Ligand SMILES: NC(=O)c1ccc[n+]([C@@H]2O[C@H](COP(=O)([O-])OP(=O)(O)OC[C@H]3O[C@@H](n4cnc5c(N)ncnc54)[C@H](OP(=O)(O)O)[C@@H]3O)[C@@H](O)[C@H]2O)c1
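Single chain ahead, by itself, as structure tokens, in the form predicted on its own.
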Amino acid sequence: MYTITGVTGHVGGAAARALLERGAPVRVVVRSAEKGAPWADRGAEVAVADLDDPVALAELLRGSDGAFVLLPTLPTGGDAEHRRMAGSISEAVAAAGVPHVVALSSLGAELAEGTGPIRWLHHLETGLGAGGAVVTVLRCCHFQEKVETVLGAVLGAGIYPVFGESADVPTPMVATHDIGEVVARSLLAPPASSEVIDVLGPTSTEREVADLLAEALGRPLQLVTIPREAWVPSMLDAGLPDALAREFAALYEAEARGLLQPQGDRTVHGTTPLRDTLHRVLAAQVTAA
């Protein structure tokens, strides 16, 4: 049995689907039975628990051959809340005696400070590593689906915002579908010892992302680079809580300083073209509307 958290998100959902398609037994952890209903229809076992409840989570993890865990970003949560949830996940994995766990992380998570919200992933990695399980850490580059966070500006105002001084920096971007495939393969064929895998994807610039979006929409987009002093105010204007806006500003600063680099034991490359992901994201937006 493989226990998967975060199935209502991109990576967890892709991992669960990949395992089910291979005929593997899957238990999905959700916060309500309603959220688990689509997975029950797919043949998964559904378990209800909160990630910040280590006792309940450990009970659901017990007996798993392997598990996939991630640390969600809490919209109104600060440093203490995220660290507490990371500790809860690590505690539950250790208490359940899960032999192998795959953890979603990010480039830069080897650093304890100076990376904004990525430092919480450092805390998760450290906690899992101390628990006795074989840990496969997936340190990922940018998600291709990150464009979802700016679709309001794209569709509403025809603007593609870039939080940086340049829109022409080549950056690897990986589709979450490809990450899910890496999760499934790792769970089905666990390593003999813990490892860190850098998960990268095709390289694009933000200008290329904007051009592909404009092409898919059939209308021009105005690319706007947002200077450092406007990062936090721009995010506050978009509705982000102050604490979270400042965390993301610290993340953008870390990237600008070149701190988010591959440092793992080996590298896996996703192959999904960015154009395919953008078309899928836009199609989903139209369906939701």
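Treat the numbers as computed from the prediction; the structure is a model and nothing was measured. All residue numbers refer to positions in the sequence shown, first residue = 1.
This next part talks about the form predicted together with the named molecule, which is not shown.
If you check the named molecule in the predicted bound form, you find a heavy atom from every one of V11, C140 and K146 within 4.5 Å. Site annotation in the predicted bound form: the residue of L51, L221, A249, L240 reaching within 4.5 Å of the named molecule with a heavy atom is L51. Between the named molecule and the residues A254, L70, M235, V46, the one pair within 4.5 Å by heavy atoms in the predicted bound form involves L70. When the named molecule is considered in the predicted bound form, L200 lies well away from it, no heavy atom lying within 4.5 Å.
In the predicted bound form, the named molecule stays beyond 4.5 Å of every heavy atom belonging to V183. Of the heavy atoms in V154, none are within 4.5 Å of the named molecule in the predicted bound form. Proximity of L104 to the named molecule in the predicted bound form falls within the 4.5 Å heavy atom cutoff.
Only one segment in the set 155-163, 105-113, 213-221, 188-196 has any non-hydrogen atom within 4.5 angstroms of the named molecule in the predicted bound form, and it is 105-113. Contact residues in stretch 15-32 (any heavy atom within 4.5 Å of the named molecule, taken in the predicted bound form) are limited to R31.
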